[in-house]
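Encoded as structure tokens, the following chain is the form predicted on its own, with no partner shown.
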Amino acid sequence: MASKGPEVPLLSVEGLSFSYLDSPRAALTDVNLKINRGEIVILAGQSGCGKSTLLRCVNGLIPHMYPGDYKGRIVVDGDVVAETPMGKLAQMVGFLFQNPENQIFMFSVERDIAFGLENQGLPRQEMRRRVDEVMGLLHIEPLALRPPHELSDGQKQRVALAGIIAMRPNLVILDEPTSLLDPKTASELVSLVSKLNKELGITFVIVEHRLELLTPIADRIVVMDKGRVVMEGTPTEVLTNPASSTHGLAIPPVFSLYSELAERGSRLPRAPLTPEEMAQELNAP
């Protein structure tokens, strides 16, 4: 029997460089990145490092809507982004903005969720089925007839995410999704991302500064600095590397404590991802 070949990445960024027309310096320089199906990947780095530009390249806003000097290529699920119409890309790559109010605008929650499906021209019965399905999945059925502008920030975010999930993209990008949320609501969002990843197999790329919230569910962290990918690995590999703090990352306390213990010769069996896991490791016989 023939051996199974290597997994084809869902997202492949190959030698990508980009400069905006009005900028004297490159926003991205020779970026190479592969993300496999089913992964949850955190994209990290200080402001101005190139994260937003990379996201615009992945969802097609660059080069379709932002002109500039574009080199290299991005392939999403077999399609070259620069050669794929924006309408098709919108079905392949979901994008949740930092402020969900930027993408919810209909008169009721269920109409907002159905908006993208209407643009796809789906039959009414199929739209109704998908809207009901995704509202149940995200536990927002009681909000169906509510005007979105009356909702809390956390509820608005779920509605915006529901509209994305209803389109059934394989890749969803979240741009600093916890920045407007209180700790409880942010924790609920992280649990929801984990659920969608496990139950639907959705691949997530998440830009986030509050790393302590997402490291427990992330497969990898990709760190950018000055338009380049400078570090990449599991949360433990990246956040226990002394070089990570030089790239503007806010190291979660649990990883700082783990590194300090290691420096003092106290080796834990494994690197904890949460304070609870740290307590268990420290109290283990």
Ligand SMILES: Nc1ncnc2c1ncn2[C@@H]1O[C@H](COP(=O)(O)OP(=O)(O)OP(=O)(O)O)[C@@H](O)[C@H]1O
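Numbering starts at 1 and runs along the sequence shown. Just so we're clear, the structure is a prediction, and the values are computed from it rather than from any experiment.
Note that the form predicted together with the ligand isn't included here; everything after this is about it.
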Note to self: Going by heavy atom distances of 4.5 angstroms or less, which of 36, 52, 236, 259 would be at the interface with the ligand in the model of the complex?
What the structure shows: 52
Next item on the list: With the ligand left out of view, choose which of 56, 64, 220, 228 has a non-hydrogen atom within 4.5 angstroms of it in the model of the complex.
Entry: 56
Notebook entry, point to check: At the 4.5 Å heavy atom threshold, is residue 31 in contact with the ligand in the model of the complex?
Noted result: no
Note to self: Please determine whether residue 48 contacts the ligand in the model of the complex, using a 4.5 Å cut-off between heavy atoms.
What the structure shows: yes
Check: residue 176 near the ligand in the model of the complex, any heavy atom under 4.5 Å?
Finding: yes
Checklist line | Residue contact check: residue 27 to the ligand in the model of the complex, 4.5 Å heavy atom | finding: yes
Note to self: Given a 4.5 Å cut-off on heavy atoms, tell me which of 228 to 236, 212 to 220, 39 to 47, 246 to 254 is the interface stretch with the ligand in the model of the complex.
What the structure shows: 39 to 47
